[in-house]
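One chain is shown next in structure tokens, namely the form predicted on its own.
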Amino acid sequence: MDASPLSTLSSLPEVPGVAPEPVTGRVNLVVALGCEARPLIRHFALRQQRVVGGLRVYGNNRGLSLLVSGVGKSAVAAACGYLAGLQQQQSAEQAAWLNVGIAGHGRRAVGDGVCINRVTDFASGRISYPPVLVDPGAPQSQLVTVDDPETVYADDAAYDMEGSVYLSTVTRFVTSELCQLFKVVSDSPDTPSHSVTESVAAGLIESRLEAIDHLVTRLNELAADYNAIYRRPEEVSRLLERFRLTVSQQLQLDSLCRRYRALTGSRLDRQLDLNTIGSGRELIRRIEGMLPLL
């Protein structure tokens, strides 16, 4: 398998003669419970931005949003789908996502924080591997998502009730490298889940704010790098406003514009006489003829 360009976390080089466009990184925090959200809201200075039904979204001016989804697979799927769809309408840039919450664990002590590198949906048996490309600042663990609170803790794994559907929903909208999970152990074979109150849950999240802050910072940088690499060139958007292209032609146009800028250091739309081009097919042919021979 080819290495992902994100794994280097390297910024793009500047193209001579072309002013580098600003790149941004955004992070969406997803929690199931209001008690899990409260320490994060205080720590990151978030303010409530919108309420849709029972869905609450918070944010700040540094590109961080927090979504309180509610408990259960259907609630998490609906909430994550809503926020992803809303953000896609507002911007073509992708955000990183981080699911934060409490979880049971078969081996680790209460209060430990773990970054998840394998997610198993117990009901379906489906297994996913979210690639951990940033230094998580915490040990890694597998996660099992169950439909009812776990009491047996049979495996050396964390147990929750939303991780698998969070992952499957969010990765419909963003690349899997930008979709991460961080769990704080709240119950274990020696500490049953019924002893975990709202105040206990809030305290556990509070105890791991430093690790969560570290992850948010790294994911923000990762999202910025991703957007720098994969952002649609501005000239493509301008040309698409003028010409009707098929999906295949749009992808071809994107590739040609990137190649032209890399080889010449200038924007392709500024070199075209658009008044002499009558169709999307002719546009593609004209651009191909303008590319320098290698």
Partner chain sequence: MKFSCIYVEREVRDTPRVKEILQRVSDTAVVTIERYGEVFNRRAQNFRLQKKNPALILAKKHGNLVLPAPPGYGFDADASFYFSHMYNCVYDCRYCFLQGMYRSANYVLFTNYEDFADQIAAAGQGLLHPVFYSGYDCDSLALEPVSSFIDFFLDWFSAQPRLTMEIRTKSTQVRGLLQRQPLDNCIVAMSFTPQTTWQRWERKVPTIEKRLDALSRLQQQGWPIALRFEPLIYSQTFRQEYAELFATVFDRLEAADLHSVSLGLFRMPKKFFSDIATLYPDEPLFARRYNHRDGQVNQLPEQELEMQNQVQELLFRYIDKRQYYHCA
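Numbering follows the first chain given and starts at 1. Computed from a predicted structure; not experimentally measured.
Keep in mind that the form predicted in complex with the partner chain is missing from the display, and what follows is about it.
Partner contacts here mean any heavy atom within 4.5 Å of the partner chain in the predicted complex, and among 202-210, 95-103, 129-137, 73-81 they occur only in 129-137. Candidate site formed by Arg118, Ser168 and Arg172: every one of these residues places a non-hydrogen atom within 4.5 angstroms of the partner chain in the predicted complex. Leu263 is the sole member of Leu263, Leu251, Val51, Ala45 with a non-hydrogen atom within 4.5 Å of the partner chain in the predicted complex. Only one of Leu222, Val216, Val185, Ala157 lies close to the partner chain in the predicted complex, with a heavy atom inside 4.5 Å, and it is Leu222. Proximity of Arg56 to the partner chain in the predicted complex: non-hydrogen atoms within 4.5 Å are absent; the residue sits far from the partner. Although the partner is absent here, Phe243 is not a contact residue: none of its heavy atoms lies within 4.5 angstroms of the partner chain in the predicted complex. Of the heavy atoms in Glu162, none are within 4.5 Å of the partner chain in the predicted complex. When the partner chain is considered in the predicted complex, Glu150 lies well away from it, no heavy atom lying within 4.5 Å.
Contact annotation for 239-261: residues with any non-hydrogen atom within 4.5 angstroms of the partner chain in the predicted complex are Arg258, Arg259, listed in sequence order.
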